[in-house]
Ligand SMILES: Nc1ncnc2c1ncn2[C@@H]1O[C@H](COP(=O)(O)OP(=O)(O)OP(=O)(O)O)[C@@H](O)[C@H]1O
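Before any questions on how it binds or moves, here is one chain, the form predicted alone, in structure tokens.
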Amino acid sequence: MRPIDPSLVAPEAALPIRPGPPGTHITIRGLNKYFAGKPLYQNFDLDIPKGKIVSVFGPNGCGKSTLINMIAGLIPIDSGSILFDGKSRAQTKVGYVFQNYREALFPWQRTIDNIAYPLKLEGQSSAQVARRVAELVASFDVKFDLHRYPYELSGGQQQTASIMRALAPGPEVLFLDEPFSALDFEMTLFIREKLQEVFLQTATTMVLVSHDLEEAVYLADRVLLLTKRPTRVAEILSYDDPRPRTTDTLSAPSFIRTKAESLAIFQREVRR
């Protein structure tokens, strides 16, 4: 099947959008994405709820990172519609935490200037910037020197700074692409805890890609399980254990049950 020519598709504003259920934040309709002439996503629909953490999990090569990159506007779609509370991506403030934090931070800027960068880009005053950075420092209980350059920090400290930068402007949606994959276990636990604290304080919608099923379930309110390509939604599981979740959560019957169900769906899709 040949890729759809975007020039033949009606403009987004002209397409009728079927609304999601009440509480939907991100509405995706008729999403198509092709690579090398082959479909990755084909007529893909999805509703992402507002004020929830959604973990994206699926087989290798199914396009987990591509999906959130398209939603975030980092990769163009071939056709379809993506709306945020009825608004376009350009009208929506988003934050993004990359897997490769070493490349995400500007090495020529001090860490504190990296964190402040999106605020300065918005044209905020020096006083406003200083106040917001101080709030983030207090929230993350930062002990390391933010006046050092990123390459002078540990990997965990760099990723902490990346998350602080993504949160600095108060995004409506925060995207996280495997943010723990290059961290040691101690720092992973720390950042998991801090993300939960931020979520409890702000109820920011978060979309997390993870290759670790335990991590995906642990952080999620909804686990979005994908199929092999052309990628569809296999299942969306709810996980409603109260927050903040701790290491004790890992042995809770509800966690074990949700993880087992997620694993069974994943294995079913891999074998297809």
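This is a predicted model, so every value here is computed, not measured. Residue numbers here begin at 1 and follow the sequence given.
What comes next is about the form predicted in complex with this ligand, which is not displayed.
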Using 4.5 Å between non-hydrogen atoms, is residue 43 touching this ligand in the predicted bound form?
no
### Task
Flag residue 31 as yes or no: does it have a non-hydrogen atom within 4.5 angstroms of any non-hydrogen atom of this ligand in the predicted bound form?
no
**Request:** Tell me, yes or no, whether residue 135 is in contact with this ligand in the predicted bound form, where a contact means a heavy atom of each within 4.5 Å.
**Result:** no
Residue 172: heavy atom within 4.5 Å of this ligand in the predicted bound form?
no
* Within 4.5 Å of this ligand in the predicted bound form, do 63, 66 and 178 each have at least one heavy atom? -> yes
Answer among 233-241, 200-208, 52-60, 22-30 for heavy atoms within 4.5 Å of this ligand in the predicted bound form: the stretch 52-60
Contacts from 218-232 to this ligand in the predicted bound form (any heavy atom within 4.5 Å), listed N to C, are 229
